[in-house]
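Just one chain is shown here, as structure tokens, and it is the form predicted on its own.
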């Protein structure tokens, strides 16, 4: 180790560009192997104005043989690949600090509420959202540049350094046309396969100006006519539209100029409908009665599990890997009921083993409760999700789907016979109480079911994972307070 590192003098690393993940990984491994703490490292990219002062010091971390293997979870590597695309200049410092802590704090990988972990995940979500918005809101215009066919050019202003990450998407989608995407920071151009380029060519370049893009043409006017004609005023929800299509993207969307007049026309039409004489619609009553268990109620938990695996009373069961019934002892003091299995639960066939389950286990440990002394289950037995790329993203079950699963939950309660129930979240509370429950207002309070069993309502642990990082400590303390109430229920509510 060099004398400068031993004295922990500031070490500067200059990366090739804003998304130089390979360079960051190589430097981070070398720094960790040499025992350089995070506070002694300054990270820069070649685009920083002061890079000339530090470029000579960066090469020490790029030489072959200067790095050593550093063991980290595969999920951390994937997280780094995403976070380096963020616009925050402190992203490399954050990632190296996490790498350092993973080596010196093994428990960190099991702490989903750690401030650094939450910040990194928040940044990764922002990057993925920016990638999604890029693929959704890029609009091409043809430009005749003297080649055999037109070059389709788009201008876009991403919030983060995501151009290189989304370029393969456009390459696959528009494989047979020439196109270019210009942004203020980075540009990309695609030349499709030809005799001279058998596999095509994707070329990245520096940023550009909006003035470099072509003006609107007749094809765009046709698109605007189509957009205006398919606009459905009955489905207009401006707040929801602005959530999915934020206003910062409107200035580069040709259809955005139609939103204001179309919205005004929708408001005028709604006013005319209100002014018209009322009509008496045909009443349609939707019954959400709980369906009986096929072939009668299950007599054992093993039988319930086998029957639930074959359940197709709602569409969720057709797409999930398996039904996930509860686990735990018979006749426990407490039975915890969540919403539905998550991705990990669906794959492993066990409840509460994903990130929310790890947080639940941590809470039980702090309260001095062994996991095997309580019964843990879900109101809905199959995992409901939607695909985003290769990832399965959780979707909240609809009321009909929860109602279709209600008889499985009731059979489970009957067979387990807990003294009291804890509803984790709104879906579980509704399934247990048979009606909607305002969780935030009634959390930490005991209620009684129709069968006489007491029910304590509180948040689902996943709500803490989604909360604002600034308030996590208070949210965690409040949730533990709710769970303490469950461990000491009023005597009138506990069976003898």
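Remember, predicted model here, so these are calculated numbers, not experimental data. Residue numbers count along the first chain shown, from 1.
Absent from the display: the form predicted together with uracil. The rest refers to it.
- For the marked spot (339, 351 and 378), a heavy atom within 4.5 Å of uracil in the predicted bound form is present in each of the three residues.
- Uracil in the predicted bound form is not approached by residue 411, whose heavy atoms all lie more than 4.5 angstroms from it.
- At the 4.5 Å threshold, heavy atoms of residue 460 reach uracil in the predicted bound form.
- The closest heavy atom approach of residue 345 to uracil in the predicted bound form falls within 4.5 Å.
- At the 4.5 Å threshold, heavy atoms of residue 356 reach uracil in the predicted bound form.
- For uracil in the predicted bound form, the listed stretch (331-339, 158-166, 103-111, 180-188) containing residues with heavy atoms inside 4.5 Å is 331-339.
- Note on residue 380 and residue 118: their C-alpha atoms are more widely spaced in the predicted bound form, a change of at least 3 Å from this conformation.
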